[in-house]
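Okay, here we've got a single chain as structure tokens, the form predicted on its own, with questions on binding and movement later.
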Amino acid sequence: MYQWLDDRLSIGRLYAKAFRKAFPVHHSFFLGEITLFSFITLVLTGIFLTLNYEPSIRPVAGPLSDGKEVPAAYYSILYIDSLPFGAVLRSLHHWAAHIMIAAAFLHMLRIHLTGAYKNPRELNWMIGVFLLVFSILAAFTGYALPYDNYAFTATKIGYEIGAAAPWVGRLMSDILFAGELSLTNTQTIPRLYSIHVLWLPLALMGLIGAHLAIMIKQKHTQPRYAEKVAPGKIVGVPLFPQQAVMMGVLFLIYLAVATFIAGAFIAHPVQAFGPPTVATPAVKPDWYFMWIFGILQMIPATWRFEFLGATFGPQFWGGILVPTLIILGALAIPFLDYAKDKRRYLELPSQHPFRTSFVIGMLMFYLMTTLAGYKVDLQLTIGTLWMLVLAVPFLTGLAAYIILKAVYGKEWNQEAEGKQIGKGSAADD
């Protein structure tokens, strides 16, 4: 049977070419796989949710709502939670989204700190940026689907931010939300539902496929010490069976941990907020949106002017301009730090003090803007927030740079002298 299939499909050649690819064994490399595991979990739990969810706001009454009429989308969540393990699976879907965004962010952080975005991996870095952005967009479009008061209010904030884009914002928001987001718009939930369960998952699948295909084609980067073990080759274990077994074990561990979190911390109890009303509850976004929410808290309402019929206000500055500049900056990193020769080896963060201190400063920027999201709770003034957001990242990055120079400066000088001696010896020969 095997010989018959091999004659027609060349299974032996496929196994030798693809399934024997070497994978470096290093714990930081598993961050990308955890991102993939999260996406798989989201798809599997999402299938269960779609089979029991009605994307509609038509009035429905039943025992789960104590006979009161509520939107069908809201009633669907009550029904899902009433099913055996339904609330846990819905919670698992929620937390898997959080884990996916966190793992993707940490994965890109590792790539950035080790310089693994350089030639020839610029394209895969940019795909990674879009993967992170699309993952966050997928999480946002799922915000409204429970259709309780919290979900409606949080989604309304996102609608208003999108509508604040000059000239095209209102049109783009109306396309995304099927018109103005309101309690009477019957098309918004079906539109967001189709984007959430079809178009964004298809986009993510395409990006993940391209990301993996390019990675396999270009091969992994690896620590420089691997050159001493096997010069010119990738040091690791074959994809099958060794790497596949490790991935399988890691996936089971991931499922166990994620399911425990989902069961111990049931996500978003809709009964606590009730169906959407004209009242606006005090809401805060999830952590991956909190830094944008914090920036909005820092910008005074007076920062507003009109130009050629467009209004540039706080929502534009904090919700559109700053995130757009950060995304464009991330896409530009491989070209701002370009390497002419193709890089196969990971760079030590300690050997690149400016890049490492810049990353540390940016992390502090995210932390400080996230802190700004708690402006009311902590009773912080706008002046205090601006001082924290501007001063703390700069001072932290500067301190990191000085420490790196002081601790590793001698090693850099010795390495540079060694290279110069090597060049001199070659020239003498």
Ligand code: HEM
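Every value quoted in this text rests on a predicted model; they were computed, and no experiment measured them. Position 1 is the first residue in the sequence shown; the rest follow in order.
The discussion below concerns the form predicted together with the named molecule, not included here.
When contacts are defined as a non-hydrogen atom within 4.5 Å, none of Met290, Gly373 and Val389 contacts the named molecule in the model of the complex. Proximity to the named molecule in the model of the complex, defined as a heavy atom within 4.5 Å, holds among Ile234, Ile327, Met172, Leu212 only for Leu212.
In terms of contact with the named molecule in the model of the complex, the residue from Leu64, Met362, Leu36, Leu49 that brings a heavy atom within 4.5 Å is Leu36.
Exactly one of the stretches 76-84, 179-187, 259-267, 110-118 approaches the named molecule in the model of the complex with heavy atoms within 4.5 Å, and it is 110-118. The named molecule in the model of the complex comes within 4.5 Å of a heavy atom belonging to His220. Using a 4.5 angstroms limit between non-hydrogen atoms, Ile208 touches the named molecule in the model of the complex. For the chain shown alone, Gly128 is a contact residue for the named molecule in the model of the complex, at least one non-hydrogen atom being within 4.5 angstroms.
Contact check for Gly397: no non-hydrogen atom falls within 4.5 Å of the named molecule in the model of the complex.
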